[in-house]
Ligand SMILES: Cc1cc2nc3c(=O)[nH]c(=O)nc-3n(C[C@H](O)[C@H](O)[C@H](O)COP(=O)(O)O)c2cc1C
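Next up is one chain by itself, shown in structure tokens, the form predicted alone.
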């Protein structure tokens, strides 16, 4: 297990990687897969990691309130995340519970930090996953090929939400041709209990 260190070293390393991924768009973990449950079946999609709290381990992304995943989270708060760094061959799976946030401090900070080019996604005339007659970017015509001003994005505020996840478990896997290494971490009050597990 050359270069891995202790279980706590592993946890702190992916903690730092999550914090960086939330801030750096080019980081491989910036675009994880988020899984929800719908009628007993998994539903997966790629999202943008918008925030990570190194104090609590909470992580969050943004969504349109009209998105099917909002309705799914209303029925089941159970979620999973999948992060993968192809260059480092590092996988992280996260299991936890999520809530949809449409007001309060987290919401206000998230909306304020969103650039107009991101906010314009919430100006779409159609709810996400709606059937359309032909390929449609789901943007107002006046914003095709250009970004709105901050003021012009304000109507999208009512469609904006934060999916805030409190993790219960992390599963870390480092892939190597000479032998993989895996560790699992479970929430233990305000702390984490880690164990080495077979890959």
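Since the structure is predicted, the reported quantities are computational estimates derived from the model, not experimental observations. Residue numbers count along the first chain shown, from 1.
One more form of this protein exists, namely the form predicted in complex with this ligand; it is left out here, but the text below deals with it.
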{"query": "Option from 139-147, 168-176, 59-67, 152-160 whose residues, in the model of the complex, bring a heavy atom within 4.5 Å of this ligand", "finding": "59-67"}
{"query": "Interface membership of residue 129, this ligand in the model of the complex, 4.5 Å heavy atom rule", "finding": "yes"}
{"query": "Residue 47, heavy atom within 4.5 angstroms of this ligand in the model of the complex", "finding": "yes"}
{"query": "Residues in 21-41 close to this ligand in the model of the complex, defined by a heavy atom within 4.5 Å, in order", "finding": "31"}
